[in-house]
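What follows is one chain in structure tokens, specifically the form predicted alone.
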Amino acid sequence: MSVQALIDYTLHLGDNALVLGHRNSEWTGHGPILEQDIALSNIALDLIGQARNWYEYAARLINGGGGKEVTEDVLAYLRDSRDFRNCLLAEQTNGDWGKTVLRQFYFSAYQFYFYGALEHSRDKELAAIAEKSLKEVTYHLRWSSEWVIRLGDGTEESASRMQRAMDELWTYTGELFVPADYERKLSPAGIGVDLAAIRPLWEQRVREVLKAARLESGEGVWMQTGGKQGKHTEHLGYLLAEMQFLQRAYPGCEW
């Protein structure tokens, strides 16, 4: 088993959670109603908490190889965009409320089945973090599913906005199930998740919710990839510039 592959794999999971968590945090104080403002802020906190768990484990793996000590702060705040391995879906801009909840639904459905499989990893650290994260993601999936149905099967305006969000985001969903090199190395060893095995579960769940929401998915659309290899949209650069400013301006700040 390649230690570097395990490091990259763990960073990939941390980057997914951190970037999406930061995106959701941008809604704090701006949600449509107070209750949902708080709900999305709590989801953001859950994701950032997951990111810290992944980064702490990645830091231990890196430090075990000697060299300069690395912390979760270094991994979160002192890497450039090309060093991040998050999926492109996570970094997409919030847009309106409909686009935000649809992005969350796609990703929560993916995390739900992903963490469910990762619970059985031969790596005890990965399994333990996945087990804890799954409890949070179960709520994220229920919350976002309800909002997708509520808006898709709502007014003419809300349905139109949700369909527009579908058109914008669907092209980024395929990457969730395209394994990077580090994923290919870990899956056969029973450490990583077999993405091909969970894809049908994700697709079925998504179809069920979209059918209830009276929305049409973008079947057959060409899919964007590259995030897992460090090739990102311009949105990530702006996100990191905001998120990392304090740490870079005042080195040594802690979580």
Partner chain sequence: MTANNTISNVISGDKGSWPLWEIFIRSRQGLDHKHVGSLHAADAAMAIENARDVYTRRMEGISIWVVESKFIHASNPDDAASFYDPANDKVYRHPTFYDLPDELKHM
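This one's a predicted model, so the numbers in the text were calculated from it and none came from an experiment. Residue numbers count along the first chain shown, from 1.
There is also a form predicted in complex with the partner chain; it is not shown, and the following applies to it.
Within this chain, Trp170 is remote from the site of the partner chain in the predicted complex, having no heavy atom within 4.5 Å. By the criterion of a heavy atom within 4.5 Å, Asn42 is counted among the residues contacting the partner chain in the predicted complex. Contact annotation: Ile38 falls within 4.5 Å of the partner chain in the predicted complex, judged by heavy atom distances. In the predicted complex, the partner chain sits beyond 4.5 Å of every heavy atom of Arg164. Only one of 81 to 89, 177 to 185, 142 to 150, 109 to 117 places residue heavy atoms within 4.5 angstroms of the partner chain in the predicted complex, namely 142 to 150.
Heavy atoms closer than or equal to 4.5 Å to the partner chain in the predicted complex belong, across 170 to 204, to no residue whatsoever.
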